[in-house]
Structure formats: C-alpha cells, structure tokens
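First, one chain by itself: the form predicted alone, in structure tokens.
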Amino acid sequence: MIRALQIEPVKCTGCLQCEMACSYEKEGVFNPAKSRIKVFNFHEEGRMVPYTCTQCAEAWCLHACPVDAIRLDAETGAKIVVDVLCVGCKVCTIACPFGTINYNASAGVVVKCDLCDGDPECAKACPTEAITYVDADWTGLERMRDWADKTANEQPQA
C-alpha cells in the first residue's frame, strides 16, 4: 500500500516541530532552514501552513532531470534524489510547479522530501496531527466530505 503525507492546515499551530524533526533526520542538526518541509506563515490571515513535496504522479522533477538522478522508490512511492548522480544543475527545481525541491549549495545537490523511507519524521513530530501519513488513496476524502457538508448547509446568495 502506497501512503502519502496528508496536511490539514487548520490544525497547524506554527510550532515548527515538523521542520526541526526533518532537519535533524536529514542533516543531523536542528535547523529549519535545512528542512525539506516548510511552514509558510500567512500573516494577514493569521494561519500557518506546512508544505512539502506531494510526490505527484506527474513527477515533473523526475522527467526533467537530465541525468536521471531522481528515481521512484517503488516501496514508498516517493521520488528520491540519488545524490551521487545529481550534478546540481537545478533543472528539477525549475520543473517543480510547487517549489518543493531546493538546492543545497554546500553539498552541490538538490534536496526534497523522500518520506523518510516510509516513516516520515515530520508526521511523527507534529503534536496536532496537522501532518499525518495515510493511505494515498484517502488523502482527500475527509476534506471533500467536510467541504460537501459545509456547502450543503449554506444558503444560496440572492
């Protein structure tokens, strides 16, 4: 069963535990700047929203890589960067429509979420369950139901 990260922005408090857990797991330091998940602060709305690679089916990053350094992990469904193959050209960063692939200048390669080999630290660290790791087929079902319930109860505007 392929699983995916499900992000529910309304549950995010902006604690940055996801960023800290990711940076420690991947880089060995507690440094949000080195995290593969970012929490975006919508100041005007007073909301925080975590975002990271969605491991999209289209995988534009994978198809754009001229040296085939981005590969599909068949077990997790993650698109992973093979560091020894990456030449640091950054074509994948341009191809990604979501901006979730970043260039690591000190290593000379790109970095992106790889789902921590199927055990994502960001989801484990999130105290409010704004980030969960669920069956990929069900990531949007609850949100669709919630939206349907909300719109069913609204009165049409005249």
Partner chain sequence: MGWHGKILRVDLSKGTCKAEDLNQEWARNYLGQRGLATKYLCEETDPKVDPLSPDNKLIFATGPLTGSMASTGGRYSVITKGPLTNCIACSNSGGYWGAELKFAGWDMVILEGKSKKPVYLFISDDEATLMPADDLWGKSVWETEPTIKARLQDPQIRVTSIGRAGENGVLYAGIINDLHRAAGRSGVGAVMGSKNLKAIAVRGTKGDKPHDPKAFMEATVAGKKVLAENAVTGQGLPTYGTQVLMNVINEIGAMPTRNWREVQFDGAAAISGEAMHEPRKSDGKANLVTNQACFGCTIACGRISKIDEEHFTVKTKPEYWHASGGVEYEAAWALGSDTGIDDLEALTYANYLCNEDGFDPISFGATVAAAMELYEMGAITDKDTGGIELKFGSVEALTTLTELTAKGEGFGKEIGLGSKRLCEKYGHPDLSMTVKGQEFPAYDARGIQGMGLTYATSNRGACHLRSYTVASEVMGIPEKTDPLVTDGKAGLVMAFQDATAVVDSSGLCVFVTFAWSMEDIAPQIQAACEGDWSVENLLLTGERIWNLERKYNLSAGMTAKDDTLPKRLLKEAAKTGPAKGKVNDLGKMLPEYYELRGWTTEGVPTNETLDRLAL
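Residue numbers count along the first chain shown, from 1. Values in this document were obtained by computation on a predicted structure and should not be read as measured data.
Keep in mind that the form predicted together with the partner chain is missing from the display, and what follows is about it.
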Going by a heavy atom distance of 4.5 Å, is V67 a contact of the partner chain in the predicted bound form? no
If we define contact as a non-hydrogen atom of the residue within 4.5 angstroms of the partner, is A136 a contact of the partner chain in the predicted bound form? no
Distance check, P32 to the partner chain in the predicted bound form, heavy atom within 4.5 Å: yes
Quick one: does G46 come within 4.5 Å of the partner chain in the predicted bound form, counting heavy atoms only? yes
Contact stretch among 96 to 104, 34 to 42, 111 to 119, 58 to 66 - heavy atom within 4.5 Å of the partner chain in the predicted bound form: 34 to 42
Could you pull out the residues of 51 to 79 that have any heavy atom within 4.5 Å of the partner chain in the predicted bound form? none
